[in-house]
Each structure stands twice: as structure tokens, then as C-alpha cells.
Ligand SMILES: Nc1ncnc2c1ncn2[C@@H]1O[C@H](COP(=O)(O)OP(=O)(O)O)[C@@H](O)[C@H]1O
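Single chain ahead, by itself, as C-alpha cells, in the form predicted on its own.
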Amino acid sequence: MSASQQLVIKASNLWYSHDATDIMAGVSFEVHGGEVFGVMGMSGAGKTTLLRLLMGLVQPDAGEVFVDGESIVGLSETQLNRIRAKMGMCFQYSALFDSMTVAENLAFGLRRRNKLPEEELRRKIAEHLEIVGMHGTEEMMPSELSGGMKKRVGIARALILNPDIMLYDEPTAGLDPIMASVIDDLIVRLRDEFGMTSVVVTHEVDELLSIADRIMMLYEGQIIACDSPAALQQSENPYVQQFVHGTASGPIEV
């Protein structure tokens, strides 16, 4: 499914520094509805910080972040929570509650947000576990799950809150190639079947080339490229070329 022209996320001239180092230095970009938007870059390039800025978990030093046309900079925590309700977050390490079953993990956010009858709650849990290929795991504990299974439960926990936007922080980190492919296929399926808008942050270049509609590359706090996977592979920018093709020689010092 091709992305719509609806503007879902807009970042305008974002600046953010930490310990006197510019993590974001005038970053501007747009994400459209139904798009898998990839963000790649070296470790420490500011990819995770960017997700935190998009969710209002940290405030920029300058610039604006718009979600569905509404600026989130300077909003109160209550106002931010209203915006965050539109977003689902898939954390790098899944962030499941170890003391809760799979079903209890999925129910946690719903119970805080809605007063659903238990039968309806169980139905929704089963439905969302089915979506991520985890049918029948309701009573399992996180300690019984593989890394890939935890990732899928984490995605189901985010999806059950019915977000319009999914944010993924290194969704396949630490997974074997087969399980990484399962997660990638799920991200694409959520776009194709449900029209989900996704922002995928990773340093796994091959992953983004295979699933993203557009990819943005961050380097030293700035956007040095933002284009389709095919265009990036043909880019004449030596920094993009080195990173995309994974070569040791080039302008990026390793």
C-alpha cells in the first residue's frame, strides 16, 4: 500500500543537545499516513533520541514537532498523554513486565485506559496475539519466550491500544535472521492490512531497504539523505554509500 499524502508527523528545525553536544542540529522531515518511514545512522547518531522527541519524552532546545497537525512542544503531561494515545512504542528490549503473563502484559494498558468486561478483554487479547502470530501464549511468562516472541508480544501490547502510529526502536536487534524477517514481515503487514504509519529506527541497513517506503539517514546531528531505498542505494553521497554498503573505507571514521 502506498503512503497517503496525509501528514502524520512533522519535525521542523529540531535542535537538541546533551552534555554540550548537538544530538539534533536543525532536523526537519515529514512522515505521511500509511508509510513505513525508516531512520538509520551510526550508533550515537541520535536515532533513539529522535523517537523520544516525537513522543514528547524530551523537549527540543528549539524547533517544533507536530503530530496530526498539533504541536507537542511545551504541552503539559496531561496534554502529551492525549497525543501519545495515538502512538504505540515497540522498545528495543520489549520492556515486558516479568512478573506478568503475556495476557496480563497486554491487558495492563487497556485496564488503565478502559473499563472493559473481562470477556471482551480476553477476546481483544486473543485477537491481537493472533495478529502477531502468538496465538495461545496468553498464560506464558516472559521468561518462557524467545527474543523474537518477546518482540511480537511487545508489538501486540502496543497494537491493542489501537494507535495510529507505531514507533520501533531497533525492532530486530539481537534476533537471528529468520526471526528478524518475521518481525520485518509483521511491520509491512501492519502497513498493508491496517494502514499503520510506522517509524522504524535501526542501524540494520538491509532491513530498512527491504521494508521502508522512505529512509532518512542521520549523521552528526543532521539529515544527510532522505529518499526511497532505491534512490539511497544509488546515492552519490559518499557517507550514504559507505553506510548503505557497509564498507570500512570512506569518510565515516570507524
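Remember, it's a predicted structure, so these values are computed and weren't measured experimentally. From 1 onward, residues are counted along the sequence shown.
The form predicted in complex with the ligand is left out here; the points below concern that form.
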Exercise. Only one of 42, 188, 225, 55 comes within 4.5 Å of the ligand in the predicted bound form by heavy atoms, so just point that one out.
Key: 42
Quiz prompt | Partner-proximal stretch of 30-38, 44-52, 63-71, 190-198 relative to the ligand in the predicted bound form, 4.5 angstroms, heavy atom | solution = 44-52
Self-check item: Non-hydrogen atom contact residue 232 with the ligand in the predicted bound form at 4.5 angstroms
Solution: no
Exercise. Answer for residue 23 alone: is it within 4.5 Å of the ligand in the predicted bound form, judged on heavy atom distances?
Key: yes
